[in-house]
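Below you will find one chain, with nothing else, as C-alpha coordinates; this is the form predicted alone, and questions on how it binds or moves follow later.
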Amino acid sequence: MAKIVGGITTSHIPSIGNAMANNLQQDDYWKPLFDGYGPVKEWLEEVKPDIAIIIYNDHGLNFFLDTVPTFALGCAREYFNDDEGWGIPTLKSVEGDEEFSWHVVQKLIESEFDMTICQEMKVDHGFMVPMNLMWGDKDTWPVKGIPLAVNTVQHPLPSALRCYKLGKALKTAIESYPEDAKVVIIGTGGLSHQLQGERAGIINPDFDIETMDKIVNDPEWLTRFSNAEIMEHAGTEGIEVIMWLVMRGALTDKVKLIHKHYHAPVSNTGAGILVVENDE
(Lines give C-alpha, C1' and ligand atoms only; values in the text may rest on other atoms or scores of the structure.)
Protein backbone atom coordinates (compact mmCIF):
# COMPACT_ATOMS: atom_id res chain seq x y z
CA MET A 1 0.00 0.00 0.00
CA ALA A 2 1.13 3.55 -0.64
CA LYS A 3 2.15 5.56 2.40
CA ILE A 4 2.52 9.30 2.94
CA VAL A 5 5.91 9.82 4.60
CA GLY A 6 5.41 13.51 5.25
CA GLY A 7 4.93 16.97 3.85
CA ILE A 8 7.14 19.90 2.94
CA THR A 9 6.43 23.56 2.24
CA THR A 10 8.71 25.74 0.19
CA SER A 11 8.78 28.87 -1.90
CA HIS A 12 9.14 28.43 -5.67
CA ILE A 13 10.49 31.90 -6.53
CA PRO A 14 12.09 31.78 -10.01
CA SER A 15 15.13 33.76 -8.87
CA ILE A 16 16.00 30.82 -6.57
CA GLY A 17 16.46 28.74 -9.71
CA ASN A 18 18.65 31.44 -11.17
CA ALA A 19 20.74 31.53 -7.98
CA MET A 20 21.24 27.77 -8.15
CA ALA A 21 22.15 27.92 -11.83
CA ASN A 22 24.85 30.45 -11.01
CA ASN A 23 26.11 28.71 -7.84
CA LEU A 24 25.15 31.59 -5.57
CA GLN A 25 24.05 29.41 -2.63
CA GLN A 26 26.88 30.73 -0.42
CA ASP A 27 26.47 34.34 -1.51
CA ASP A 28 25.67 36.65 1.43
CA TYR A 29 22.21 37.41 0.05
CA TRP A 30 21.24 33.80 -0.65
CA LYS A 31 22.98 31.84 2.12
CA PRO A 32 20.33 32.46 4.81
CA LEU A 33 17.71 30.94 2.50
CA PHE A 34 19.69 27.94 1.26
CA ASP A 35 20.90 27.10 4.77
CA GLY A 36 17.28 26.32 5.58
CA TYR A 37 17.22 23.42 3.13
CA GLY A 38 20.04 21.39 4.70
CA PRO A 39 17.74 19.70 7.26
CA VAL A 40 15.14 19.11 4.54
CA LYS A 41 17.64 17.18 2.44
CA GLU A 42 18.77 15.19 5.47
CA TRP A 43 15.16 14.22 6.19
CA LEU A 44 14.58 13.23 2.57
CA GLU A 45 17.69 11.05 2.67
CA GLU A 46 16.24 9.33 5.73
CA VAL A 47 12.68 8.71 4.50
CA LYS A 48 13.64 8.12 0.84
CA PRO A 49 10.32 8.81 -0.90
CA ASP A 50 9.53 7.12 -4.21
CA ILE A 51 7.05 9.72 -5.42
CA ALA A 52 6.79 13.49 -4.87
CA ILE A 53 3.45 15.19 -5.45
CA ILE A 54 4.23 18.85 -5.98
CA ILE A 55 1.38 21.34 -5.55
CA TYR A 56 2.07 24.53 -7.43
CA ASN A 57 0.49 27.13 -9.69
CA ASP A 58 1.29 27.29 -13.38
CA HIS A 59 2.55 30.73 -14.47
CA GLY A 60 1.44 30.65 -18.10
CA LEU A 61 3.68 27.89 -19.45
CA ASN A 62 1.12 25.09 -19.71
CA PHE A 63 -2.09 27.03 -18.96
CA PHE A 64 -2.55 30.56 -20.26
CA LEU A 65 -5.26 32.95 -19.08
CA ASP A 66 -7.75 31.80 -21.72
CA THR A 67 -7.92 28.29 -20.20
CA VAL A 68 -7.11 27.88 -16.51
CA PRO A 69 -8.32 24.79 -14.64
CA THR A 70 -9.00 25.18 -10.93
CA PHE A 71 -7.24 21.88 -10.20
CA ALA A 72 -5.18 19.81 -12.66
CA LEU A 73 -3.23 16.60 -12.14
CA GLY A 74 -0.43 15.29 -14.30
CA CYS A 75 -1.04 11.77 -15.64
CA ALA A 76 1.93 11.65 -17.99
CA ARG A 77 4.92 9.36 -18.29
CA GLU A 78 7.33 12.31 -18.22
CA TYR A 79 7.21 16.05 -17.54
CA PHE A 80 9.31 18.55 -19.44
CA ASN A 81 10.57 21.93 -18.27
CA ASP A 82 10.58 24.65 -20.93
CA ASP A 83 11.89 28.15 -21.49
CA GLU A 84 9.65 30.50 -19.53
CA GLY A 85 11.17 33.65 -20.95
CA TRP A 86 13.03 34.43 -17.70
CA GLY A 87 16.43 33.35 -18.94
CA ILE A 88 16.54 30.52 -16.41
CA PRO A 89 18.24 27.37 -17.71
CA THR A 90 15.78 24.55 -18.29
CA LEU A 91 16.25 21.46 -16.15
CA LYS A 92 16.19 17.77 -17.02
CA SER A 93 12.76 16.20 -17.42
CA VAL A 94 11.08 14.44 -14.50
CA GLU A 95 9.76 10.89 -14.74
CA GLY A 96 6.10 10.51 -13.82
CA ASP A 97 4.07 7.51 -12.67
CA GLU A 98 1.07 7.11 -14.96
CA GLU A 99 -0.50 4.22 -13.06
CA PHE A 100 -0.30 6.04 -9.73
CA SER A 101 -1.60 9.30 -11.22
CA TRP A 102 -4.60 7.61 -12.85
CA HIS A 103 -5.48 5.94 -9.57
CA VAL A 104 -5.26 9.26 -7.70
CA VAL A 105 -7.29 11.22 -10.23
CA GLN A 106 -9.96 8.49 -10.31
CA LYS A 107 -10.32 8.68 -6.52
CA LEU A 108 -10.31 12.48 -6.47
CA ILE A 109 -13.12 12.64 -9.01
CA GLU A 110 -15.06 10.05 -7.03
CA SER A 111 -14.61 12.45 -4.09
CA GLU A 112 -16.32 15.16 -6.17
CA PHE A 113 -13.19 17.09 -7.13
CA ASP A 114 -13.51 17.61 -10.88
CA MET A 115 -9.85 17.44 -11.80
CA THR A 116 -8.44 18.36 -15.19
CA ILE A 117 -6.50 15.31 -16.42
CA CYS A 118 -3.23 16.17 -18.16
CA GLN A 119 -1.59 13.43 -20.21
CA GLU A 120 0.87 16.05 -21.46
CA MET A 121 2.00 18.81 -19.13
CA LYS A 122 4.92 21.23 -19.29
CA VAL A 123 6.14 22.26 -15.85
CA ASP A 124 7.51 25.69 -14.97
CA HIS A 125 9.52 27.08 -12.04
CA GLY A 126 6.62 26.43 -9.67
CA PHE A 127 7.36 22.71 -10.04
CA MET A 128 11.03 22.70 -11.00
CA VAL A 129 12.45 25.05 -8.33
CA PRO A 130 11.19 22.75 -5.54
CA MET A 131 12.56 19.69 -7.39
CA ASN A 132 15.90 21.45 -7.73
CA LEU A 133 15.96 22.57 -4.08
CA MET A 134 15.29 19.05 -2.82
CA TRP A 135 17.28 16.92 -5.25
CA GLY A 136 19.22 19.25 -7.56
CA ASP A 137 22.54 17.92 -6.28
CA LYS A 138 21.77 14.43 -7.63
CA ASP A 139 22.85 13.21 -11.08
CA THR A 140 19.31 11.95 -11.70
CA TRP A 141 16.03 12.73 -9.94
CA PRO A 142 15.70 10.05 -7.22
CA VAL A 143 11.90 10.33 -7.15
CA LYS A 144 9.08 10.27 -9.64
CA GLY A 145 7.25 13.60 -9.79
CA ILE A 146 3.52 14.26 -10.03
CA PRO A 147 2.42 17.86 -10.73
CA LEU A 148 -0.81 19.03 -9.10
CA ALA A 149 -1.63 22.52 -10.35
CA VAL A 150 -3.91 24.88 -8.40
CA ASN A 151 -5.23 28.07 -9.94
CA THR A 152 -3.95 31.04 -7.92
CA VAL A 153 -3.71 33.30 -10.96
CA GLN A 154 -7.07 33.77 -12.75
CA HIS A 155 -10.03 34.77 -10.56
CA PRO A 156 -12.20 33.22 -9.24
CA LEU A 157 -9.73 31.17 -7.22
CA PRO A 158 -10.52 28.15 -5.05
CA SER A 159 -10.91 28.96 -1.36
CA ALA A 160 -8.50 27.98 1.38
CA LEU A 161 -11.12 25.58 2.73
CA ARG A 162 -11.57 23.99 -0.70
CA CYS A 163 -7.81 23.40 -0.94
CA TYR A 164 -7.74 21.88 2.54
CA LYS A 165 -10.56 19.53 1.58
CA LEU A 166 -8.67 18.60 -1.60
CA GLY A 167 -5.80 17.55 0.61
CA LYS A 168 -8.12 15.34 2.64
CA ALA A 169 -9.32 13.66 -0.55
CA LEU A 170 -5.75 13.35 -1.77
CA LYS A 171 -4.82 11.48 1.41
CA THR A 172 -7.62 8.98 0.84
CA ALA A 173 -6.62 8.56 -2.80
CA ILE A 174 -2.95 7.94 -2.04
CA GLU A 175 -3.55 5.54 0.84
CA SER A 176 -5.92 3.42 -1.28
CA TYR A 177 -3.25 2.80 -3.92
CA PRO A 178 -2.56 -0.95 -3.69
CA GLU A 179 1.13 -0.93 -4.65
CA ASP A 180 3.92 -0.11 -2.19
CA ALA A 181 5.13 3.44 -2.57
CA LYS A 182 6.42 6.12 -0.22
CA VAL A 183 4.93 9.51 -1.09
CA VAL A 184 6.02 12.98 -0.02
CA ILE A 185 3.70 15.92 -0.61
CA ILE A 186 5.23 19.33 -1.29
CA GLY A 187 3.10 22.46 -1.02
CA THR A 188 4.78 25.40 -2.73
CA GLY A 189 4.43 29.16 -3.11
CA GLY A 190 4.30 32.25 -0.95
CA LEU A 191 4.51 33.41 1.69
CA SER A 192 3.60 37.11 1.64
CA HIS A 193 4.38 39.01 -1.52
CA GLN A 194 2.79 41.25 -4.11
CA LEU A 195 4.24 41.96 -7.53
CA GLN A 196 2.11 44.85 -8.78
CA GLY A 197 -0.07 47.79 -7.79
CA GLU A 198 0.22 50.29 -4.95
CA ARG A 199 1.23 47.60 -2.43
CA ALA A 200 3.89 45.98 -4.64
CA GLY A 201 6.73 44.75 -2.45
CA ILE A 202 4.62 44.14 0.66
CA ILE A 203 5.98 41.51 3.05
CA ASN A 204 4.19 40.70 6.32
CA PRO A 205 6.55 38.59 8.49
CA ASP A 206 4.15 38.56 11.46
CA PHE A 207 1.38 37.02 9.36
CA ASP A 208 3.84 34.65 7.66
CA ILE A 209 5.19 33.31 10.94
CA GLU A 210 1.74 32.95 12.47
CA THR A 211 0.57 31.14 9.32
CA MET A 212 3.48 28.70 9.52
CA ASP A 213 2.64 27.91 13.14
CA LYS A 214 -1.04 27.42 12.31
CA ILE A 215 -0.29 25.23 9.29
CA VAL A 216 1.43 22.85 11.72
CA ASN A 217 -0.85 23.06 14.74
CA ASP A 218 -4.22 24.46 13.62
CA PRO A 219 -4.59 24.40 9.82
CA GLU A 220 -8.33 25.08 9.98
CA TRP A 221 -7.42 28.58 11.25
CA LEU A 222 -6.36 29.56 7.73
CA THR A 223 -9.46 27.98 6.16
CA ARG A 224 -11.59 30.56 7.96
CA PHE A 225 -10.01 33.40 5.94
CA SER A 226 -11.60 34.50 2.67
CA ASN A 227 -9.23 34.87 -0.26
CA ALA A 228 -9.62 38.66 -0.02
CA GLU A 229 -8.63 38.56 3.65
CA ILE A 230 -5.53 36.45 2.89
CA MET A 231 -4.51 38.90 0.17
CA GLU A 232 -5.09 41.85 2.53
CA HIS A 233 -2.61 40.30 4.98
CA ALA A 234 -0.16 38.66 2.57
CA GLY A 235 -0.45 40.53 -0.73
CA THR A 236 -2.09 39.39 -3.95
CA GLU A 237 0.51 36.72 -4.74
CA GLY A 238 0.57 35.70 -1.09
CA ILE A 239 -2.65 33.82 -1.87
CA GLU A 240 -0.34 31.01 -3.02
CA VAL A 241 -0.30 29.90 0.62
CA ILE A 242 -3.64 28.14 0.02
CA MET A 243 -1.57 25.47 -1.77
CA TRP A 244 0.14 24.68 1.53
CA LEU A 245 -3.27 23.64 2.79
CA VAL A 246 -3.50 20.91 0.15
CA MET A 247 -0.32 19.41 1.61
CA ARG A 248 -1.52 19.87 5.17
CA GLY A 249 -4.94 18.37 4.48
CA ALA A 250 -3.26 15.22 3.18
CA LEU A 251 -1.58 14.58 6.53
CA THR A 252 -3.10 13.50 9.81
CA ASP A 253 -4.87 16.03 12.01
CA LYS A 254 -1.91 16.02 14.39
CA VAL A 255 1.56 16.22 12.90
CA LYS A 256 5.11 16.21 14.17
CA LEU A 257 7.22 19.23 13.21
CA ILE A 258 10.61 18.11 11.91
CA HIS A 259 12.00 21.42 10.63
CA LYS A 260 10.98 25.06 10.38
CA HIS A 261 12.77 27.96 8.70
CA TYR A 262 11.74 31.47 7.65
CA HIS A 263 13.70 34.15 5.82
CA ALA A 264 12.71 37.47 4.27
CA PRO A 265 13.11 39.14 1.95
CA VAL A 266 13.88 36.73 -0.86
CA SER A 267 13.17 38.55 -4.11
CA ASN A 268 10.43 40.62 -2.37
CA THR A 269 8.89 37.51 -0.80
CA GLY A 270 8.66 35.93 2.63
CA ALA A 271 10.06 32.41 2.21
CA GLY A 272 8.98 29.67 4.61
CA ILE A 273 10.08 26.05 4.93
CA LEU A 274 8.31 23.35 6.93
CA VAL A 275 8.86 19.61 7.19
CA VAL A 276 6.13 17.67 9.00
CA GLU A 277 5.33 14.01 9.53
CA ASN A 278 2.12 12.22 10.45
CA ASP A 279 1.77 11.76 14.21
CA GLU A 280 -1.10 9.30 14.48
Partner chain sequence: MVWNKQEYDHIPGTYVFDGRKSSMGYRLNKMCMSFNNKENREVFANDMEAYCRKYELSEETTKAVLTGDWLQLLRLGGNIYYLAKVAIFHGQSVQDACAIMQNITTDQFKQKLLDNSAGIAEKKNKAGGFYG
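Positions refer to the first chain, counted from 1. Since we're looking at a predicted model, the values are computed, not measured.
Not on display, but discussed next: the form predicted together with its partner chain.
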- line: Answer among 110 to 118, 168 to 176, 203 to 211, 135 to 143 for heavy atoms within 4.5 Å of its partner chain in the predicted complex: the stretch 203 to 211
- request: Consider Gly38 of the chain shown here, and say whether it contacts its partner chain in the predicted complex, taking contact as heavy atoms within 4.5 Å.
  value: no
- request: Using the partner position in the predicted complex, report whether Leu61 sits within 4.5 Å of its partner chain, counting heavy atoms only.
  value: yes
query: Can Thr223 be called a contact residue for its partner chain in the predicted complex at 4.5 Å between heavy atoms?
result: no
query: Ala21 near its partner chain in the predicted complex, any heavy atom under 4.5 Å?
result: no
message: I have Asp66, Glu198 and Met231 flagged as a candidate spot, so tell me whether each of them has a non-hydrogen atom within 4.5 Å of its partner chain in the predicted complex.
response: yes
task: Scan 247 to 280 and write down, in order along the chain, each residue with a heavy atom lying within 4.5 Å of its partner chain in the predicted complex.
output: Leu257, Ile258, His259, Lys260, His261, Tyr262, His263, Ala264, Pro265, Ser267, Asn268
